[in-house]
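Take a look at this single chain, the form predicted on its own, given in structure tokens.
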């Protein structure tokens, strides 16, 4: 009778149109297992789900044929989880997908050559996007193969260090429709290749030339691109003021310019480069020349400039004041790790810009409550505030943030003097989605409870080394923040299994960092495994009481787990082998787990076919057979050997004082 009811129930769903079923599938994007459950309902639902899916991210290259036959209408294939992709793999894709494939990501894959790329390009004529980043073994032959993709619009070649001007020239001639090109760290490409690209590919809108050995010679061609919007010149040391001074006109269409780590470019060069760039909206000059009054004055003809990032620069008070005077449309200001930022300069700027949405003053150690008073009074529409390690800001100043900045979505107060009163005030920011309170030694459960009660949209919470937090505070967060996806409770030594049981109710939790919590045991881990099915990153280093009893349920329930740190845990070969059965698992760190044997490690690595990175103690390098290591590496796994001694945890306050002492030298 039960079987008959099931059939009747499913038969009524058959009358739903494919359009309605597609609409239902569009909503099932939160948990990847939801679509799988949908397809298992009945044969017709399985067929509908096969036709609906347009994106694939397979875990195993050996299953490509089966997967592609199941999903014949995919337009985008992401192979970033498949480190071992051969020419045969690309040939299979090209035969099955043919004209439907529009995009492929090979940025984390190796072992293929120009042969596979040629087959892919010849058969998949609709390709518009290819990511070959990190292809350190690809040569000009691969570039020549890509050049046959006549409809290509977006191409990433970052770190393809063997590709030269010849290969880029082939691409420039063959791929005339290119709109986005990334040549970051392509050290074999010079002015000649970049110039050819600019001359032949007139549709380019985004160009990344970071760390290329280019000079002023290719810049005139680049700046003549009439559609260019984003130009990235990070670390181009061959570009200097003398070369830029010869430019007659900048690029009128340019909207974003990134010249970070270009120490040879100052006021003269910048003025020439942005001359006429009336559309410029974002300017990034991080780790470059000092921001003086003269340099800031060069920005006065940029009426649409909304974002300035000066991270790591020496900033003068006059320079900040001038930026405040000239940049009338400013909405984002980043001064992270800038030397020279003072209350006078910052206060002057924020007072003139009440529409600022984002401020980053990380490690600006000279500012005090004066700056906080000014930006909280003036910039009441702030959505992001980052002020890690502002050591001169007193605890009373943080109350002002909660009183005035009610639209905050991101707040980083790591390593500050904030206390429970400040946290209570900040809880008024009900739109908070990211809150970082690491190394805040003055906060306790009393303040955190207010956050849990008043910030229901919280997605990310960082409590790293905030040692005053206990199970009560975590329980309040878990109760009030049901959408929590990431939490860091590392080295909060008062945390016990009770906290993990509370967090197990947060079904969307995907990242848990709980290293250095000695009171956590396998009991708490089991609760997380059962309740948090989307868990993908887990750090339980120095959780000494976690053993095989925690690994077995974790292996059974946490099928989305991709990264785990097991260092110092009390697991044996049995627990590790169970963990290796997780098909998604890619990265493992295993240091000082004394109950593990070479045979146990070997068995686990053989079973875990998707591993891409393993960190092991150097003592195992000679205990594991060399042919075995070579076999695992041939599957795309990289071993990182560490020779660290067994570490004993120090008192958190003592640790912080020790860190301050070393920073003085």
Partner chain sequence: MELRMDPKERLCSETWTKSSLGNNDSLKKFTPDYQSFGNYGSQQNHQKWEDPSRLDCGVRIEPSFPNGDPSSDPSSSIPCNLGDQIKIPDQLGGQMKEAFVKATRLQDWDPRAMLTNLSFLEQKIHQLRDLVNLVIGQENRVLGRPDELVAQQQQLVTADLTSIIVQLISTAGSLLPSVKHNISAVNPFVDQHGQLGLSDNLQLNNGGSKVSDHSDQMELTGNSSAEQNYADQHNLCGSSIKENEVKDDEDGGEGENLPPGSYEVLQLEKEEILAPHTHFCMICGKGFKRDANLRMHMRGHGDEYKTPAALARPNKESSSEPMLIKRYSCPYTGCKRNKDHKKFQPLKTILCVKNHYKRTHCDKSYICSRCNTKKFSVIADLKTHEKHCGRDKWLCSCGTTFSRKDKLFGHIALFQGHTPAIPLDETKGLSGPPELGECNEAINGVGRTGFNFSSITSSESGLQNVVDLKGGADDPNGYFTPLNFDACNFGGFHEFPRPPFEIPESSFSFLIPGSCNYIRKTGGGTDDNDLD
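Everything numeric here is computed off the predicted structure, so don't read it as measured data. Positions refer to the first chain, counted from 1.
In what follows, reference is made to the form predicted in complex with its partner chain, a form of this protein that is not presented.
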(Q) At 4.5 Å between heavy atoms, only one of the stretches 591 to 599, 424 to 432, 126 to 134, 168 to 176 reaches its partner chain in the predicted bound form; which one is it? (A) 168 to 176
**Q.** The unique member of 357, 542, 494, 114 whose heavy atoms fall within 4.5 Å of its partner chain in the predicted bound form
**A.** 114
Q: Heavy atom within 4.5 Å of its partner chain in the predicted bound form: which of 139, 511, 261, 271 fits that? Just give me the one.
A: 139
Q) Any of the heavy atoms of residue 103 lying within 4.5 Å of its partner chain in the predicted bound form? A) no
Q. Do residue 524 and its partner chain come within 4.5 Å of each other in the predicted bound form, heavy atoms counted?
A. no
Q) in the predicted bound form, does residue 192 have a heavy atom within 4.5 Å of its partner chain? A) yes
Q: Please check if residue 96 has a heavy atom lying within 4.5 Å of any heavy atom of its partner chain in the predicted bound form.
A: no
(Q) Given a 4.5 Å distance limit between heavy atoms, list every residue of 557 to 591 close to its partner chain in the predicted bound form, or none if there are none. (A) none
